[in-house]
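A single chain comes next, written as structure tokens; it is the form predicted on its own.
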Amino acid sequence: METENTSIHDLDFGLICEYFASMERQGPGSSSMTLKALSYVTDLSENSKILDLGCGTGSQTMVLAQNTLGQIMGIDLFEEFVNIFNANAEKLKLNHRVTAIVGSMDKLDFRPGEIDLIWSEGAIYNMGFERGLNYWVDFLKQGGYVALTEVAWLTIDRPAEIEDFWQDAYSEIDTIQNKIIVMQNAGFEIITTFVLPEACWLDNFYALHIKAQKQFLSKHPNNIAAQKLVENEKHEAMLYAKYKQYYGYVFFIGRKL
């Protein structure tokens, strides 16, 4: 999430949106991992209300929709993502019960206890893990579920280069066990956790960047901000290849007590 000279926090917001809108996924993951996580969620029905927060263009949301019966709403800050999401839902003939709106995951317009399942793949970092869980829990029914992916350390010790990188990009990165404690303190029973396999990063995410970067730079020739963004993403991919044994995305599934 940073090059040697550029932090993710210094990159152009609009260019980030345009860049990631060109890809099927906006973060590491896979349909099989979405389904694996969903297998731990029980008691959903056609009356269930599901939120996908930070839904992006909805790759994972469509998998949820094809394997559940409830009403699903995606929420994302980027209007371009939301437009693609809704077009995908219409193409799959899911738009009668699946829709996305532009909004913020920290300003939800729902009643307390209204939601059966909150889903969020690779997006809670926008609020912060602890703050997000403590805010979202109020909107869940008692016994309702949260299922999300969050970056976590997989080892106790790690090299300074990757430690420094993540402290700049997302200072809340922590071990799986410490993340579990945060969930429990927020009022969740832990159902399970599992680490996403390397293919979710290498094949389903970073491999998509190669074509996207070529098209993006062709569209923005001589644009320094666009070049910095691409270099940033290349640097992040390099770091993952070098240090993937030390960190990864983890699915956390919990139930509101």
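In this text, residue numbers run from 1 along the sequence as written. On a predicted model such as this, the values are computed, not experimentally measured, just so you know.
The next section is about a form of this same protein that is not shown, the form predicted together with a small molecule.
Among the residues 175, 95, 134, 126, the one placing a heavy atom within 4.5 Å of the small molecule in the model of the complex is 126. Only one of 165, 139, 78, 153 comes within 4.5 Å of the small molecule in the model of the complex through a heavy atom, and that residue is 78. Contact annotation for residue 104: at least one heavy atom lies within 4.5 Å of the small molecule in the model of the complex. The shortest heavy atom separation between residue 144 and the small molecule in the model of the complex exceeds 4.5 Å. Taking the partner from elsewhere, residue 50 is found to have every heavy atom lying beyond 4.5 Å of the small molecule in the model of the complex.
Contact check for residue 229: every heavy atom lies farther than 4.5 Å from the small molecule in the model of the complex. Proximity to the small molecule in the model of the complex, taken as heavy atoms within 4.5 Å, picks out 55 to 63 from the listed stretches 211 to 219, 37 to 45, 185 to 193, 55 to 63.
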